[in-house]
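There is one chain below, alone, in structure tokens, taken in the form predicted on its own.
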Amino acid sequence: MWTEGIIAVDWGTTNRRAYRLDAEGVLQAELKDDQGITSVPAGGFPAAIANVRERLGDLPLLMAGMIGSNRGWVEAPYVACPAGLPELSAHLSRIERERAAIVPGLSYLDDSRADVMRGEEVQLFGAVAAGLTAPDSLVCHPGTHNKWARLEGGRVTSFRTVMTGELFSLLSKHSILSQWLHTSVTVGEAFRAGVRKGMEGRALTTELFSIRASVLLGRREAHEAASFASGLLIGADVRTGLGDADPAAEVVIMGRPELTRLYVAALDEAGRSAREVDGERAFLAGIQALVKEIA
């Protein structure tokens, strides 16, 4: 059913992005909105799927992201690492009556920790398939839950999640710092100072409160607080991501440009160069690679 063209959907917790691709994989139309899975009422996924088709056409659907979680439409069990495109394609959750399939996420488990991802795996394999990243590389995927994924031979062998984006969001909405965290985050000295402090490895709970004290006592300007706080969190994130990384491995930052540029700057403070890859481009490449696997 995939030979006539498809609708590819990256369906997250708070956002939905869908793309109509023709039989050759050429993008013809797209939609982006805030209709993530948490906005869909109980029993409402068939209507939400119909809405996508009304807007983009009556084509088969290939979906990735939280749509396949236990909070989504149909749960697509995780595929254990190490894994590559063949494993993803072999474990699609198919909904035949809807001419739809959901891409499974990836899981990682060892003696000391457990981790999961949904959606990022399509971008990771897409980046390799399209030559956007080397088959052996370290990929950082900024977002609500940032991922650091190790690729070996084009397969994800391990990864680690850092709740950087969600923590910044919670702080900006519900913490004592919230009044100062609504200005734009810019790559300047405040951000870089935060990165350096975050990479020191001290307790974040202490360093975060010091932001309030620094503003109240005139050590830091209020308009710098958001950039410093972002740098502090991203610095700790980068310290974690680089902790057991090969110093010679290429580092790729993949995702939305407004986030990737922050991580490139943070890695520069860590003395590592990094290359940016557009996450949307990688997602579409991953979908096309999957279609070739299952066609």
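Every value quoted in this text rests on a predicted model; they were computed, and no experiment measured them. Residue numbers here begin at 1 and follow the sequence given.
Although not depicted, the form predicted in complex with a further copy of the same chain is the subject of the following passage.
Trainee: Looking in the model of the complex, any heavy atom of residue 216 within 4.5 Å of a further copy of the same chain?
Mentor: Taking the distances in the model of the complex, the answer for residue 216 is yes, it comes within 4.5 Å of a further copy of the same chain.
Trainee: Report whether the minimum heavy atom distance between residue 145 and a further copy of the same chain in the model of the complex is within 4.5 Å.
Mentor: Taking the distances in the model of the complex, the answer for residue 145 is yes, it comes within 4.5 Å of a further copy of the same chain.
Trainee: Looking at the partner-bound form in the model of the complex, is residue 62 within 4.5 Å of a further copy of the same chain by any heavy atom?
Mentor: Residue 62 lies outside the contact set for a further copy of the same chain.
Trainee: Though only this chain appears here, would residue 135 touch a further copy of the same chain in the model of the complex if you measure heavy atom gaps against 4.5 Å?
Mentor: No, no contact at 4.5 Å.
Trainee: At 4.5 Å between heavy atoms, only one of the stretches 96-104, 187-195, 162-170, 149-157 reaches a further copy of the same chain in the model of the complex; which one is it?
Mentor: The contacting stretch here is 162-170.
Trainee: Give a yes or no on whether each residue among 131, 242 and 245 has a heavy atom within 4.5 Å of a further copy of the same chain in the model of the complex.
Mentor: No, the whole trio is out of contact, none within 4.5 Å by any heavy atom.
Trainee: Can you work out which of 181, 92, 208, 74 has a heavy atom no more than 4.5 Å from a further copy of the same chain in the model of the complex?
Mentor: Spelling it out, the residue with a heavy atom inside the cut-off is 208.
Trainee: Check each residue of 93-114 against a further copy of the same chain in the model of the complex and list those with a heavy atom within 4.5 Å, in sequence order.
Mentor: The stretch 93-114, when checked against a further copy of the same chain in the model of the complex, contributes 107, 108, 109, 110, 111, 112, 113, 114 at the 4.5 Å heavy-atom cut-off.
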